[in-house]
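The chain below stands alone and is given in structure tokens; this is the form predicted alone.
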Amino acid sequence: MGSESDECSTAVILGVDGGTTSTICVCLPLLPFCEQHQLPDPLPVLGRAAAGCSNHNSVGENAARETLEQVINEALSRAGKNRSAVLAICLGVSGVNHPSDQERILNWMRNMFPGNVKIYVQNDAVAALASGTMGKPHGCVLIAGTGCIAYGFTEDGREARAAGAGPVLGDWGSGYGIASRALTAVVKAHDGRGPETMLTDCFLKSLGLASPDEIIGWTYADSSWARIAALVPLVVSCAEVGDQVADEILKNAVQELALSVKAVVQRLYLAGEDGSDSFPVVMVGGVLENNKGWDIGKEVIDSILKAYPGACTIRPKVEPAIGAALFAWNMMKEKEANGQSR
């Protein structure tokens, strides 16, 4: 029988970031739980694998399960490990919005990992939060990419979310929301319902269209939300050179994104009773990345800090899949500290 030190030297933890576009799995070695031990920088990733969508709402249960199994098996294979080496796994998967969603994925994973493997299933926003807090489930994360969501955790385990309901239900601060409003503005300017805008010529040139009338056909030719969201840089560029319509669209997006964070902070009392307590706000997603002139992320941060001066904004140094693995590691570390068996 191997010693505990032998187990620790071979054991691994898995982290999965399952999105609507792609699914990533990373394999990390079991890191020491000692409080004095600093996490290595960079973290030692033993194996990494990528596949397509694992959101069961988008591709169905069978395809989602197959994708998760694929990335897990590939990451383990590239790490030179097998399933028996896994001590814990955290899956942050988009579409996990209800306990029934969690239970479904838990059942899939129990079939893959029978025995004492610790399995944690969360929304993919939790993986993004953990990527900024190095696995600690505390604070708020704002994701603004194709879609958007704000998600928060308290140190005693309470959680809350705002937005994240998709474009039909109004994720207006998202890339899709920004670009769809810009496309609408072009159509309204063309038919006389709205002011003229530089967005018209900018979109026509970029999309290779001859007339604003063709924007309607282009928009409905492909239902991909990411295809629409990819137009955000054009909206930013028009706002940067002074287009009032584009500027107003971005200001509205900033308000929506900041409002989502504020809603989570208020529901969880992350800033304390007087709003001055310190808490992390993790900023993730292409919409929040730095722009030279019109910086959406900076404007959102300024709005958050105006309401909550103690907020500590963080742009993650590691990817969400690593955040998910560190989430599992932190949960194991807490149980160890409380005298519970791994």
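One-based numbering along the sequence shown. What you see is a predicted model, and the numbers here were worked out from it, not measured in a lab.
Another form, the form predicted together with another copy of the chain, is not on view; read the next lines as being about it.
Find the only residue in S180, N73, S237, T133 having a heavy atom within 4.5 Å of another copy of the chain in the predicted bound form. Spelling it out, the residue with a heavy atom inside the cut-off is S180.
Sole residue of S260, N123, T146, T197 within 4.5 Å of another copy of the chain in the predicted bound form, by heavy atom: It is S260 that has a heavy atom within 4.5 Å of the partner.
I need the one stretch from 181 to 189, 100 to 108, 123 to 131, 240 to 248 whose residues put non-hydrogen atoms within 4.5 angstroms of another copy of the chain in the predicted bound form. Stretch 181 to 189 is the one.
Is it the case that A163, even though its partner is missing from this view, gets within 4.5 Å of another copy of the chain in the predicted bound form, heavy atoms only? Contact check for A163: yes, within 4.5 Å of another copy of the chain in the predicted bound form.
Although another copy of the chain is absent from this view, report whether I216 comes within 4.5 Å of it in the predicted bound form, heavy atoms only. Yes, I216 sits close enough to another copy of the chain in the predicted bound form that at least one of its heavy atoms falls within 4.5 Å.
Close approach of G272 to another copy of the chain in the predicted bound form, 4.5 Å, heavy atom: Heavy-atom contact with another copy of the chain at 4.5 Å: absent for G272.
Answer for R193 alone: is it within 4.5 Å of another copy of the chain in the predicted bound form, judged on heavy atom distances? Yes.
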